[in-house]
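What follows is one chain in structure tokens, specifically the form predicted alone.
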Amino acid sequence: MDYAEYLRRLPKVELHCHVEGTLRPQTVADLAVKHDIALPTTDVDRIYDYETIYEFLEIFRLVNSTVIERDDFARIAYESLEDGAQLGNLKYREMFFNPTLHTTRGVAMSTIIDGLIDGCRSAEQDLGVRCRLIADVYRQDSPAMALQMTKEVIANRRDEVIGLGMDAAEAPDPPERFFESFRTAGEAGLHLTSHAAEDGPPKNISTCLDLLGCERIDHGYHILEDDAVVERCREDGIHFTCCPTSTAIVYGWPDLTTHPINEMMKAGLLVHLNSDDPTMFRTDIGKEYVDFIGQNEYPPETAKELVRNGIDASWLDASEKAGLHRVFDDEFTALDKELAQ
């Protein structure tokens, strides 16, 4: 077994993956035929070709316009988890979904949630990979629209829906705009997280922690511009769900040896690796570890530390985390022996 195979086979937790960014190209083509939706190309290998972030967003919108019925949502959730399990030994995921991406097309909230849960439950039964769901505020929606979405999620809440997050372009729409959504979600018992300091300043992290009540931060790379925020997050044990490939492409860090994640690690911040929108960026959770760990020539202990950080950052209860640590440690031991041979 070489090191790349070792990294792929490490058991993993993923806390930053958007189900809408995981659609297989063939699935997009199939659903487009099913619902008579025209795609810009009939070549499935070119569906995710784009040159700018604006083309990416347009493809993202078009691809997800093919997901309409409960069975469609079940299919994309199942296939997403299947890819994670097969390509990166994924064991547990807390997965984002963007309700207003679908409700604005006339899809009922219950259709979205129940369909995704159908897929998650089937994946757990067939593949042994568990998944919980996080509804995301889309920053370019109005605060009123975001609040309405949050209330609808709460009204349609199932046990698998455990949190509220926030994504999309950060710079024009800072987190404080969506205080009401996060307060409402928190009062309903949902966990809270948010994309922050991805393309915005470090102060957005403080806002998410202090005003919105977030328990962890998604991305967070620009934290390195403020030593005080770094120190606060280090001392408070705040976890960061980092995504090497997507941010390397979108924000211009193509060399993973110079990606801010490395400096975050050196600063003592708690980070782990995630795939973000894997099919759209032609990656997967296994490849994230192979590329980031491999290019930086980090040893197995560093890779395992990042995996353990993912368990600790999850919203599993203490006993479930302890159980997952035991299972992972057993797999680590077996993999270490194979690697040594």
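All values reported here derive from a predicted model rather than from experimental measurement. Numbering starts at 1 and follows the sequence shown.
What comes next is about the form predicted together with a small molecule, which does not appear here.
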(message) With the partner left out here, check for me: in the predicted bound form, does some heavy atom of residue 141 sit within 4.5 Å of the small molecule?
(response) no
(request) Please run the contact check for residue 152 against the small molecule in the predicted bound form: heavy atoms, 4.5 angstroms, yes or no? (result) no
(message) If we define contact as a non-hydrogen atom of the residue within 4.5 angstroms of the partner, is residue 168 a contact of the small molecule in the predicted bound form?
(response) yes
(request) Please check if residue 37 has a heavy atom lying within 4.5 Å of any heavy atom of the small molecule in the predicted bound form. (result) no
(message) Since the partner isn't included here, can you check whether the small molecule sits close to all of 94, 216 and 240 in the predicted bound form (heavy atom within 4.5 Å for each)?
(response) no
(request) Could you check which residue among 173, 198, 72, 83 gets a heavy atom within 4.5 Å of the small molecule in the predicted bound form? (result) 198
(request) Considering the small molecule in the predicted bound form, find the one stretch among 299-307, 312-320, 57-65, 282-290 with heavy atoms no farther than 4.5 Å from it. (result) 57-65
